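Presented below, as structure tokens, is a lone chain in the form predicted alone.
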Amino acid sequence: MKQVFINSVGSISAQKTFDNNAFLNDVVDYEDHVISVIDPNYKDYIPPAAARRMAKGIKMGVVASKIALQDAGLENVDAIITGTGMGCVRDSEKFVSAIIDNDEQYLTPTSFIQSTHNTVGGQIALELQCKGYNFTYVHASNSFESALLDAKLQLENDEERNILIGGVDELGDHTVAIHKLINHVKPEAVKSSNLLESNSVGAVFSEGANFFVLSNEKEASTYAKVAAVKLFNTLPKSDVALTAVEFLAENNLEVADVDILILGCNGDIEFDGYYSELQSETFKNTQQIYYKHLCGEFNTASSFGFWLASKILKLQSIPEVVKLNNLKNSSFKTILLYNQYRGENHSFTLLKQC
């Protein structure tokens, strides 16, 4: 089987990550319970007339994909695989609201058409005129990892050469209000830099789009190698550490071989305990990193962690703002990412330096 390489990245998040020449040099420290992305100048990538008709999620996805393609030096790809938890939720809200307000009559179909979860992947394909494999995974907080696993299998078996993958989710006012009612969103404004000390239920909600070109051919632009991905719908808290060790063993690695552990901690006092044993016991002698204080929580937030790991392996540096401890390494060759959301949809991803 062939190896799988990350040949480019493109990120739109609550930080200024759309500029690939910078790496978290100018971090924004929020104090809120819902944060939006920092928008690039969409007119630089999309004609204004077209951009006006696009939902926020579509614009984020299209621009992040274009940044990734530019980074890879490509004009097109063989396949497009997208992960999203909620799709274009704003248009979903518009359509449902119109049904209620108009008593189920005189409805225009535009919002419904644009609300489907595969709208982002379809719009990217239309922009590129890519007629290849196009698939969207809607697997809650494992949506991005599902897209990654699909692309990995295709590339390993030499079915395609270049595949664009990504995770994208947008904020919707009504959806956020519902999540607040059921205590999934923090009740109080929290300073990003103090997220893990918030000592309250819920997370700081956000949105974002992170896209990558994966290939089975190494290029000059290559960031890292995708060694393995494994997903679990449910996993008891007591089994997380053992599962991580078994995952490494399946890939002929031990805990000591991991240079960096990247965790999806989001400050939710009820569920951050899933990371505790990894932090305090199993990987206590390993450099630990977190990222959701920078990008917020959303179904495909783990794609931001994937972006972070890719940049670290290529640049061989760790921004101070993401460090959970201060263990020093002379170089970084192997990174393990672990994420879960509210005790479900656990994922382990292993990246290696090329």
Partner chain sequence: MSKGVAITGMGIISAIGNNVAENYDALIKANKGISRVKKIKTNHVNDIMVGEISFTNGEFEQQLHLSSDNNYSRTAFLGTVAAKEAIESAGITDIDAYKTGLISATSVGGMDMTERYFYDYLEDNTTQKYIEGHHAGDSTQKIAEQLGIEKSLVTTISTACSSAANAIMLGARLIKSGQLDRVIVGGADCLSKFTINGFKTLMILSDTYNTPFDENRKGLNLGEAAAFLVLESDAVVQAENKTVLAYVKGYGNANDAYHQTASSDNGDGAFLAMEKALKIADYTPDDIDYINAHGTATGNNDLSEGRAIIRVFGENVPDFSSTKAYTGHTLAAAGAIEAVYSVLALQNNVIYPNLNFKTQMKEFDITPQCQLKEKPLNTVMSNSFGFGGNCSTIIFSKEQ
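Residue numbers count along the first chain shown, from 1. Because the structure is predicted, anything quoted here is derived from the model rather than measured.
Unshown form predicted in complex with its partner chain; subsequent notes refer to it.
> Tell me which stretch of 254-262, 182-190, 277-285, 212-220 has a heavy atom within 4.5 angstroms of its partner chain in the predicted bound form.
Looking at the other structure, the answer is 182-190.
> Quick one: does E75 come within 4.5 Å of its partner chain in the predicted bound form, counting heavy atoms only?
Outside the cut-off, so no.
> Would you check, heavy atoms only and a 4.5 Å threshold, whether N199 touches its partner chain in the predicted bound form?
N199 lies outside the contact set for its partner chain.
> Give a yes or no for K333: in the predicted bound form, does one of its heavy atoms lie within 4.5 Å of a heavy atom belonging to its partner chain?
No, K333 stays farther than 4.5 Å from its partner chain in the predicted bound form.
> May I ask you to state whether S92 is within 4.5 Å of its partner chain in the predicted bound form, using heavy atom distances?
S92: yes, in contact with its partner chain in the predicted bound form.
> Would A50, A55 and F348 all count as contacting its partner chain in the predicted bound form, using a 4.5 Å heavy atom cut-off?
Verified in the predicted bound form; spot residues all out of contact, no.
> Enumerate the residues of 232-264 that have a non-hydrogen atom within 4.5 Å of its partner chain in the predicted bound form, in sequence order, or give none.
The stretch touches the partner through F232, N233, T234, L235, P236, D239.
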